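There is one chain below, alone, in structure tokens, taken in the form predicted on its own.
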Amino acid sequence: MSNQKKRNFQIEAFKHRVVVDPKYADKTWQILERAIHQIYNQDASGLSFEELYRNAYNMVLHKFGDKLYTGFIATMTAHLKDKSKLIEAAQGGSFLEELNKKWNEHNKALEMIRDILMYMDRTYIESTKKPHVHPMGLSLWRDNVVHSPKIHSRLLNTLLDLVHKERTGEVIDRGLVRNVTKMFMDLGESVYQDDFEKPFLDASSEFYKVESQEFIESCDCGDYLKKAEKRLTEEIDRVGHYLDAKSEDKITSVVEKEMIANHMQRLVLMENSGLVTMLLNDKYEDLGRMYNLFRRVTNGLATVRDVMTSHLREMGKQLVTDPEKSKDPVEFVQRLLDERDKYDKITSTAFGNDKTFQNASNSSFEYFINLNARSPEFISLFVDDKLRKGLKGIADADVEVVLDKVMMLFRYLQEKDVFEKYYKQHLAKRLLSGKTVSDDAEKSLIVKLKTECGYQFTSKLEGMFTDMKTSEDTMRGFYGSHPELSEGPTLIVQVLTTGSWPTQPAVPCNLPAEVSVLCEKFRSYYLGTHTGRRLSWQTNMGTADIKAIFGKGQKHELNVSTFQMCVLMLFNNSDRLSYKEIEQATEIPAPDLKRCLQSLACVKGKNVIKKEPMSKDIGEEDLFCVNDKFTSKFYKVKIGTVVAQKETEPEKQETRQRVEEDRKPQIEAAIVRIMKSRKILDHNNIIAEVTKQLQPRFLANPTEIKKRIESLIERDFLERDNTDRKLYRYLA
């Protein structure tokens, strides 16, 4: 490396001193000041902006930036004070016009002055951290014009007065107001907010407070909501025309608070026009308007929802607990469906399919449908009515709609197993009597039930259809092996699997000899082809077609029950029979026999036998004979059995008892499943878990659960803990 010494270089100052004219700054400033005066007096056409820029540039270069800056402020301030006086002098409507005019002039002048002082803006102002020319010009306008004591309050009052006039229906110069509010915005967000927006919002609040009070005293709820909606639209429109976009949320909040939030309860509960009236009279448009307005305010929709829920529950309670309305099950269910359709339409049309309203509606229906213990039975009867005759001639798509509506009501039921019991009974009667309108509809409903509740729920129902199909094949085989039976009475047997069909006690009945022979032949055939099976005849579930010839030779084919056939066939050998003789010959139980005779003798147009004495009820001393004068315009006459469509009280108790018995193994199975997985569990948790697990089928009674636990302890499935008696252990 070189050992040379490092040399230090030094730059010396320029020896020749530049001498500046002592009056240079004053002279140059005078030129610039004169130019600013000319600009403000709108006489700038003769100015050389290049020369003026150079003068300003040189002043800054020669360290006279401060003089230039303070001079520019003083000159501009003087001009603005003059302009302020001219604006103050303006009278009436010309005040805003004069302000707008002077503001535009000041902006043009400021642009030119900024161009001249551009070098000062970039260097001197940057280094001294003083306000730039343009912001300074705006601040001077604010301080000397807008905040001038004689302009400040007058300007605000003029603007608020114009807004008030527009709200009361007068036409104003929106363009002029827009220019003035834009001036506030240009002067800075805080100026716009403090000098205009806050007072504007306060005045608006007072205006709508008074107006809403006037409206609510004089209008019904629907009209009031229309006015509130109109006011909101107007304010949003006003913001778009001459206010800052950020003001929209603030002014709409004012309108919402004064016109809606402060009157929510009164509007919703308004007599003869509030929410309940709208719901009762299907005022979908008004309901939609209420929803859209109330959703804007805190707790608005909750208020609407609570009142709707309360009304729906009260209305539903009256509907399901009114004894008059419960007389006809089909009408009862139809009313429920109509209400459900109505509230679905309200939710979709007026409430924008709001899930919270759908849930409120669903919970209300679930609440009141389960207030009537017979709802499961009535829904099954409704289905029965529809599938017997109500869906005849209806398109498949419409059938699906009806079934879907039924399923909707079914979902609300807490005791779905009770529905299953009744549905099974009604389905059995439809299948055995051949009265179902459509097998497809029947199967479609079973698929829906299966989807909803699982395979277990419908397995027996599906078994019933399987039996019907198998029975057809069995009958073909029977007649194929007995060709000699083609002449004479025809027997059609449905072989029902005991577990799949509703349990029916075997009712005794002596069949006519002609039929009895056929039954025995079928029994021999069936047991010959199926080993290990037993057959028991359910005569109470059968029907018969018999041909009858009356007095003057008139022929009819009578469609009757098996019991009715047994009674009528007795008259082939006797002209007159007493009640006791019929009872003895047929061995039909007394209640069934009385209903049977009542339908044959007491129903007008179907009275194929006569009764003495003639009365509506059957007595044990009554006498019966064939009605030779019976006539009907139809060849085929169907004679139904007089039977109540709904269950009688004893039948109802019996069904309820069967349901309770069926629930016991289900509750026990649930307890065992839970304990098997949890091993140890306390009493309250078992109750909660079992209730939850069985909820899709029925609402388990805690007392019954407790009994089932005791039963399982006795049978060594569970044991109590030695120290804590409320704790149970699972025994493998």
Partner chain sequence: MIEDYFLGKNKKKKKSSHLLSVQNLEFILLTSMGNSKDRIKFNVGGRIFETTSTTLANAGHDSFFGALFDDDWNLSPPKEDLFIDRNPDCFAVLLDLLRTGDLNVPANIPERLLHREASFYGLLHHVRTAKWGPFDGNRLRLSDSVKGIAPGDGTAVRAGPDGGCCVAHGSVVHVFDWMLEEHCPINLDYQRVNDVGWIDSDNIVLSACEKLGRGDGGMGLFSSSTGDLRYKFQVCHENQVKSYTAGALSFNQDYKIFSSCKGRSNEYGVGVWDQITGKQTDFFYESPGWSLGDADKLQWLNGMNCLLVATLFPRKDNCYISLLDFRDKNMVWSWSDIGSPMAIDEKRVRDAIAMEDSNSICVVNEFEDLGFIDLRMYGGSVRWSSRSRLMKSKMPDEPCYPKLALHEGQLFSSMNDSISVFCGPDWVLTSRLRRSYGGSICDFSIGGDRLFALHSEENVFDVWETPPSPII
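Source: prediction; values computed, not measured. Positions refer to the first chain, counted from 1.
The form predicted together with the partner chain exists for this protein as well; it is not shown, and the discussion that follows is about that form.
Residue contact check for R54: one or more of its heavy atoms lie within 4.5 Å of the partner chain in the predicted complex.
Remark: I686 does not count among the residues lining the partner chain in the predicted complex, judged by a heavy atom distance of 4.5 Å or less.
Within this chain, I31 is remote from the site of the partner chain in the predicted complex, having no heavy atom within 4.5 Å. For F478, no non-hydrogen atom is located within 4.5 Å of the partner chain in the predicted complex, even though that partner is not displayed. The contact residue chosen from D439, E170, E654, E126 relative to the partner chain in the predicted complex is E126, the criterion being a non-hydrogen atom within 4.5 angstroms. Of the candidates L232, L518, V603, M112, M112 is the one whose heavy atoms come within 4.5 Å of the partner chain in the predicted complex; the others do not. With the partner chain omitted here, the record of contacts in the predicted complex names 103-111 of 578-586, 510-518, 103-111, 539-547, defined by a heavy atom within 4.5 Å. For a residue to qualify, one of its non-hydrogen atoms must sit within 4.5 Å of the partner chain in the predicted complex; none of H164, C219 and A261 qualifies. Shown without its partner, the chain has I39, S45, L47, F49, E50, L52, Y53, R54 in segment 29-56 as residues with a non-hydrogen atom within 4.5 angstroms of the partner chain in the predicted complex.
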